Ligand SMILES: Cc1cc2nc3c(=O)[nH]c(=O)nc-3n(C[C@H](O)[C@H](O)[C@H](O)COP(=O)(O)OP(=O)(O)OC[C@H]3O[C@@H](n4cnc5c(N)ncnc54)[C@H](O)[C@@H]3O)c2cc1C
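What follows is a single chain, given as structure tokens, in the form predicted on its own.
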């Protein structure tokens, strides 16, 4: 069996690496983790701030389906008073990842399972014989017959309306997580975006600079909806609803069916209905034509993201308090331009009245969510795969073209033997693939595929994957 290489040191990489180590296969597993000092955490769980909370209850989080200890149990031991229904700090889940990963590594060592953790960054992948050669930034290489891209979010690109002068000023921040390490003490801070990352950014800024004036701008000015304090009962007719949704032709009938359900069942909590769609979300997306997917992204994505990826009650209360105190204003507006050498001038057009105004800000933070536009990414590894035809960009810029099981599709429109992906690069095919419950299941399934004795550069792998 050929060697396996995982590229990416975040939670998706940790989930797949641990799942592979738990299987008694002969393949050597190389985990190319990059230069991160705390492998397994990635951006999502690398925060050290306890006010950055998970948006999934503790009982729904985990790293492995067969873990010896669930996150809820770990939280109860390591976070005073924690319950399975709580939304716990993301840093605590990062610690849980490290704990579970450590156990898998020690167990693999005792069993003589072959593996290597490579603390280097992958710069490129070249086909070599019956496998691939991975070039590393330390001058070394890793050879493998099977490679999995677990890269997480691609490097953020500035909005097209941001001038070079603004980018060079240092006052425009592309990495929201670096904000609170800055020595500046701003009078006003503008965040572009109102999603989960923007909410974390606003709360962190309000704590770091108690007297700062906060402004958030997004096209619809809609923060994420909020989880209930306690779990809600599932919609009793969810199975019937899901069957009707799967029979719909396109996003418009799907949304109409959901609205009809809300009208006919006014006493049912809508959040339970949306959560109950989770098992069929990928199937719904895959049934849409390219034109229908484009329609969804243009007209309904903003509402779906706010309803599906909701906010824990505690940060929602903080945001509401900031608004009530007048410390935070949220505008529904389009950003027309950002310019200046610091402070920056942010020109926006109001959604309500189309008036154009310019706001001045000491710091502007771009927090617009995941960047999955692989074709435009400033990422040497991804750019090289596209250039060499080993992978293809998704036409709607939702990662790369791939099969549902993660096998990449090359420039010729064929499955590229031995190349796989997991996580956000697969949004074009799966849509919902970035949350930990989805990643956990995908990692377990991919580990089973890669551990099969027939996996490799031959047609039998395609037969196995399709079965």
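If you're wondering where the values come from, they're calculated on a predicted model, not measured in any experiment. Numbering follows the first chain given and starts at 1.
From this point on, the text means the form predicted together with the named molecule, which you will not see here.
- Picking from 231-239, 144-152, 339-347, 288-296 the stretch near the named molecule in the predicted complex, with a 4.5 Å limit on heavy atoms, gives 144-152.
- Contact check for residue 379: a heavy atom falls within 4.5 Å of the named molecule in the predicted complex.
- The named molecule in the predicted complex is not approached by residue 209, whose heavy atoms all lie more than 4.5 angstroms from it.
- Although the partner is absent from this view, residue 70 stays clear of the named molecule in the predicted complex, with no non-hydrogen atom inside 4.5 angstroms.
- In the predicted complex, the named molecule sits within 4.5 Å of a heavy atom of residue 33.
- Note on the partner interface in the predicted complex: the residue among 29, 398, 61, 430 having a heavy atom within 4.5 angstroms of the named molecule is 61.
- No residue of the trio 173, 193 and 222 has any heavy atom within 4.5 Å of the named molecule in the predicted complex.
- Of all the residues from 119-144, those having a non-hydrogen atom no more than 4.5 Å from the named molecule in the predicted complex are 120, 121, 122.
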